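Next up is one chain by itself, shown in structure tokens, the form predicted alone.
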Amino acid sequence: MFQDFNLLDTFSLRDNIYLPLVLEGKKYEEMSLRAEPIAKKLGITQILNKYPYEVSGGQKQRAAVARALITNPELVLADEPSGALDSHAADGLMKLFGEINEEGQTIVMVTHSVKAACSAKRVLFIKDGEVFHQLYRGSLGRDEMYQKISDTLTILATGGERDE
């Protein structure tokens, strides 16, 4: 998932989402069957026939997410996936990520959002190109994880030492 969406302006959102399946040689019926549940979960069913220039940044982001998920990849790489979303849509996306992770897909997400990061099972903090610290969610609730991430970011910002 790209931060700047990489949607093709001459394709509808539906066609942008279908593109990976077209490249795999899938039949239209299968494409439709795969896309509909994802589009519904992302709240974009009503705009699938629109073009990227006709929709908001958040709607483009959700279409890009649908395109990335439609092939059911084992590994999803997401660069700031909630960056263009309002808080409600971002919460929905993090919930969807949690669901697909529970189904066995691995998600590697790069984010500056503490709120997005606190939904992860594991958070790595990178400083000067190296892993500075890591947190495991374990049995922590969202609020506790949020606080641990915030504390770690404070240490990073004030020049804390790297974990060995």
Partner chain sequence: MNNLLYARLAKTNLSKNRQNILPYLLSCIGTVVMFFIMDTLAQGSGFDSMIGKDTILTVMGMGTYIIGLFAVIFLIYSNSFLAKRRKKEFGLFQILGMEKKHLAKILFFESLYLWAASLGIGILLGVLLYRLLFLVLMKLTGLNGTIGFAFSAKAVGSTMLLFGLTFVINFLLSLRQIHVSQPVELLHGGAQGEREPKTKLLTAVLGFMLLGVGYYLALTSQSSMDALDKFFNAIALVMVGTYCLFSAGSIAFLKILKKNKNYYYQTRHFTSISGMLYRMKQNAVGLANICILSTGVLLVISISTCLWTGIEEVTYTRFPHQISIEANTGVSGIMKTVEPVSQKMIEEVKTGIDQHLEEKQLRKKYESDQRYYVMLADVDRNKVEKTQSDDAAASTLIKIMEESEYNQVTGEQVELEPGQALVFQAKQKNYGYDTIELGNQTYEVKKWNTDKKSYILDEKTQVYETMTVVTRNHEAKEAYAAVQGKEPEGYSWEYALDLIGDAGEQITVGDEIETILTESSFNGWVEVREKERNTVYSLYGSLLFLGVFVGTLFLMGAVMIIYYKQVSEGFDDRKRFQIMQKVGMSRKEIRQTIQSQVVTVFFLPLAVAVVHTMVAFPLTRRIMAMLNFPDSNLFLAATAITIAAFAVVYLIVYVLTARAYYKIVE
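Residue numbers count along the first chain shown, from 1. From a predicted model like this one, the values you see are computed outputs, not experimental measurements. Take the two forms, superpose them, and find the largest set of C-alpha atoms that agree within 1.5 Å; that set is the rigid core.
Beyond the structure shown, there is the form predicted in complex with the partner chain, which is absent from this document and is the topic of what follows.
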Looking in the predicted bound form, is the partner chain within 4.5 Å of a heavy atom from each of L7, F11 and Y18? yes
Test of understanding: in the predicted bound form, would G25 fall inside 4.5 Å of the partner chain by heavy atoms? yes
Applying a 4.5 Å heavy atom distance criterion, does E102 contact the partner chain in the predicted bound form? no
Heavy atoms within 4.5 Å of the partner chain in the predicted bound form: does E30 have any? no
Do E36 and the partner chain share at least one heavy atom pair within 4.5 Å in the predicted bound form? no
At 4.5 Å between heavy atoms, only one of the stretches 110-118, 93-101, 134-142, 49-57 reaches the partner chain in the predicted bound form; which one is it? 49-57
Core-superposed comparison between the shown form and the other one, G141 Cα displacement 2 Å or beyond: no
Fitting the rigid core first, would the Cα of E24 be found 2 Å or more away between the shown form and the other one? yes
